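For reference, the chain that follows is the form predicted alone, supplied as structure tokens.
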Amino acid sequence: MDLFVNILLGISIAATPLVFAAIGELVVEKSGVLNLGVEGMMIIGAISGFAVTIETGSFILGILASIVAGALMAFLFGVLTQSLLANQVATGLALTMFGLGLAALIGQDYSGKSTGDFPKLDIPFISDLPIVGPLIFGQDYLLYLSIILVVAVIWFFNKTRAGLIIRAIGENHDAAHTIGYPVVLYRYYALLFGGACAGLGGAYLSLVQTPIWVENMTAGRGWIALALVVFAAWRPGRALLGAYLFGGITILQLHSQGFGINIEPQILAMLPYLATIVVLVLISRDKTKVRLNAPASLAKSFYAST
């Protein structure tokens, strides 16, 4: 029973950074912008949160630093693609390479250091209940925030005027501009939100999942988050389920040898990325369905007409 609980806890921890990154990118793509720099924003969020936590001893300040750092990276992307009209794909790739290099440079002084254990919810008696206690009432606070964030994004897109405007801009930015909506401004808002979420996902890696700085610790999770958005058909609820599915695959590789499955560790390490490729291939087979689900203006530059 303890093994079962530990596996479920591991899945939730592995899934949470993917939830943050995927839900942020989903909002960005709903506005019609494709930001391939999620990996770069995550790693900058990871080192920023880790460094500030080490220097100040405050997890709260570390989390805030990661949010600001991710948002600043997204703002840079916005200036290049929305104001200067640079190619979104090329700029996103450059942002990832820039983030990985900058994080490696900053992180040189923090190798081998640890932030300690991140605070967890602890309700007397309830958190000690078998199975239910640790799984539902004994997780770290950021995990609960990730669930709340998904629910909030669902509500935002379906129940608020701003959410409907962002969806309209993502479907047809020219029509939205014609009726008076500031397309570029709303896309900046979406980008800042997406960057903040990616930075928060990175902070989860360095402060909760592995509270120690390791270069390139995102290990491709930003790319998995991008795949999750397509897998979820741009729906927040499905993105949450997809993140936990990929989290389960990640934990499977860690526990498989404990179950007596004799597979080379290198092959097991490939599983999350192999699953990503398989999912994308299966989805891309039905191009008509992908086009129907994807925002029609996705990755298209907006040229404002007077």
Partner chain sequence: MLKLERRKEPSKFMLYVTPFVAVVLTMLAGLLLFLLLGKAPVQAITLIYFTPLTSIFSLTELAVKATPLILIAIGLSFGFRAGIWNIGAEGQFIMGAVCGGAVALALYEVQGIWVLPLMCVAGIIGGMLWAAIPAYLRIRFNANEILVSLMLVYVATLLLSILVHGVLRDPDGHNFPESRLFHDSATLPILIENTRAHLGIIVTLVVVVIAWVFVQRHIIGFQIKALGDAPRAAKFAGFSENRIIWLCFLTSGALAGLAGLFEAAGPVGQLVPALPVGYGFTAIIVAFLGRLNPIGIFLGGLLMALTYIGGEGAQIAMSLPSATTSVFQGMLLFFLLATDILINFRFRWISKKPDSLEPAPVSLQQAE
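What you see is a predicted model, and the numbers here were worked out from it, not measured in a lab. Residue numbers count along the first chain shown, from 1.
Quick note: we don't show the form predicted together with the partner chain, though the next part is all about it.
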> Out of Leu93, Ala175, Val184, Leu121, which one falls within 4.5 Å of the partner chain in the predicted bound form, going by heavy atoms?
Replying inline: Leu93
>> Can you pick out, from Phe98, Phe75, Trp155, Tyr144, the residue that has a heavy atom within 4.5 Å of the partner chain in the predicted bound form?
In response: Phe98
>> Can you tell me whether Phe4 touches the partner chain? I mean in the predicted bound form, with a 4.5 angstroms heavy atom cut-off.
In response: no
>> Under a 4.5 Å heavy atom criterion, is Val150 part of the interface with the partner chain in the predicted bound form?
In response: no
> With the cut-off set at 4.5 Å between non-hydrogen atoms, does Gln108 touch the partner chain in the predicted bound form?
Replying inline: yes
>> Within 4.5 Å, heavy atoms only: does Leu61 come near the partner chain in the predicted bound form?
In response: no
> Hey, of 129-137, 215-223, 196-204, 161-169, which bit sits against the partner chain in the predicted bound form at 4.5 Å between non-hydrogen atoms?
Replying inline: 215-223
>> Quick one: Leu9, Val52 and Lys300 and the partner chain in the predicted bound form, is every residue within 4.5 Å by at least one heavy atom?
In response: no
> From first to last in sequence, which residues of 32-48 have any non-hydrogen atom within 4.5 angstroms of the partner chain in the predicted bound form?
Replying inline: Leu36, Glu39
